[in-house]
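Considered here are two forms of the same protein chain, supplied as structure tokens in two stand-alone entries, structure 1 and structure 2.
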Structure 1
């Protein structure tokens, strides 16, 4: 494999680990756990994996003989920086526990477990991927493991290969399914353990035992680099507003973290939009107001951060999208025969409720076309494909035109749009993510060797230097509650949205007026893997603020 100079140097990096994992390790049981809500229901559904104690690994004094394992590992869902380090930490940990341990990678995501596609991960393969970005070592996929038929296939395949533990690296849904699988295997007395690892750049898999999901640090730093560069450009050229949409559909953690790193003029947080029950027009008015006030100071440039999923948090847009899904399903053929987009829009608008048709007609044509025409394979509006930055640019422009007519605005407004997502999901993991992921993988190997199942690898005390980190395991059931999914109540890991009374959001609110009216831009620059620890070893503002409370 031909490698870039940085790839070569990163290959030599030795991830930092907690002191407690370096020599002889002992396991310490903590308190028994309860699920975050709906205890009775969750307990009934997970008789074998409910109520387990929190686990911690500490320095021990008695050398332990661990049994030999064959472990399968799977990468589930969207890429996040550090996945390869979880696998290399898992590999090294397994070899340290018992040199006879073997590691198999199931290929292309959870479907690899069902379809029995795998390869053995040996030292020479692992060494090629240490401290690299991407999930390409074994690939990833979005197949959901949730039916008994799938579980039986997995059981069969594991049995045939002799695999007696499976590590699932994924987000909240994948870890929910990991837990269901663990329970299923336990109930069937298959002897196969299942351990989860918390992955997602979105940052929405976190709770009292999981301080952060891996990849969030690196992805946010990559986006912040770009936002900072754009801000410096805006501040130099002084002629454009940059509307920057950031990945993260359900929660606005990425947007908030990047705002704390770069101090842009306007930051939209979906959770706040929903809390205030804002209309699209109100959101646009708020942006326009800042533009007007900056223009009064002679500042006709700036930056706006927009979370990818914000339209779904605007109540009227949510209703509109839901109505569109129904109308387009019912009238597909009628819409298809209409020749021009204008005719299609008029037809669709005539079928919408009065409120929704008003919203629909207020949208720029390119956006309403997109809502009508870009459908996913199930025929639904593709919310993630909506170019929300252009929607808001166009609507802000229209609003400012009106304000100019009314004599309330005399500035100049030029806007450019950006979307960042794929740019950060496979970045070379930061030192934090390289260390954190390696430790997570290593911890997973110990949970397996100790015979545990239904646990998620957990590493706490993350804002301290790595040698003081506290590795352990948390029963996945403790993170669960009952939620409606496709009309049915299901046990799921509670998603962590941005808390409007949390320290990170409060910091944004405290500074909002100053950041809006001045140009207090911060320029974080690219991720540094070498150099002073103040630059290369610091984690996210989100985690620092949350943990300092």
Structure 2
């Protein structure tokens, strides 16, 4: 396989690990746990895996003889930098526990478990993928494991292959499925263990025992490099406002982290928009106000960071989207036969409530069309496909035009839109993610060897050097609550949204005025894999601020 010089050098990189995992290891049990909410309901639904203790691995003095395992691993959901290192750490850990252990990769995500598509992962295969980005070693997928029929198929396939433990690497939904699968296997006394690993670049899978999800560090560094490059261009050309939409539908962690790394003029945080109950017009007015004030200083350029899911946090848009979902589901055939987008818009507008109709008609036509035409597999508006940056650009332009007409704005407004999403999902992992992911995988191998199930691998103390990290396991049930999904209450891992009283957001607020009125841009540059630890091993501003005491 042809490789670039950087690929070759990254292949030689040996991930740093906690001291406690480098020799004889002992497992230490902590306090029993309970779910973050809805304790009675969660306990009733997970009688075999509820109330388990938090686990920690420490340096031991007694060598253990672990039984041989056949382990299956699954990559679930969207890609995140470091997935290959989770599998590398898992492989190395299994071999360290018992050289006879075998690792199988189920292909194409959870569907591989159901369809029995797999390949054995040997040392030769693993070595080709160490410290690389992407999920291409076995592929990923978004199939949900949630029905008894699926669980039975997984059981049959694992039994036929001799697999007695499954590791599911994924986000909150995937680990929810891992928890349900672990409970099912335990109730059926199958002897098959299930361990989860926290993955998502969105950063919304974190809690008291999971300090951050893997991939967030690398993705944010990748986006921040691009934002910094654009800001250098803006500061050079001095004639464009760059509206930059960033991944993060349900939470604004990426947007906030990138703001802390680059210091843009305007940063929208969805959770703040929701708390303030801001209308779309109010949001646009706030952007326009900064543009006007900067123009008074002769600054007709700047950057605006936008989380992709912000439209769902604007109350009037949330109501509109909900009505659209119902209308388009009920009148799908009628809308389909209409030839022009205008006819479709007019038809839909006639079915909306008065308030939602006014909002719908106020939107640029291209956005209205996206709201009607882009549907997800469940028939709902595909919010991630809405070009929010163009929506805010167009509406800001219209607002400024009116202000100029009223004599309240004399500047020039040119705008360019960008969406940074897929650019960050498969980047070569940063040293932090390479080390963190390898440790997560190694920790998962120990949880398996110790006979645990229903746990998520966890590593704490992440702002310290890697040798001081604390590996362990957290019961997935402790992260769960009941939420309404598709009209039914279901047990799910609670998403971590941006905390408006948290240190990262407070830092943004403290600097908001200065960053808005000046051009104090930071230029992070590309991810550094070599050099001083203060540059190459540093983690996110979010984690540093959250962990600072």
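In this text, the rigid core denotes the largest set of C-alpha atoms whose superposition between the two forms falls within 1.5 Å. Please read all numbers here as calculations on a predicted model, not as lab measurements. Numbering follows the first chain given and starts at 1.
**Student:** Eyeball the pair and call it: which is the form predicted in complex with another copy of the chain?
**Tutor:** The chain shown as structure 1 is the form predicted in complex with another copy of the chain.
**Student:** When the rigid core is used for the superposition, does residue 305 move between structure 1 and structure 2 (threshold: C-alpha shift of 2 Å or more)?
**Tutor:** The answer is no; the displacement is under 2 Å.
**Student:** Fitting the rigid core first, would the Cα of residue 341 be found 2 Å or more away between structure 1 and structure 2?
**Tutor:** The answer is yes; the displacement is at least 2 Å.
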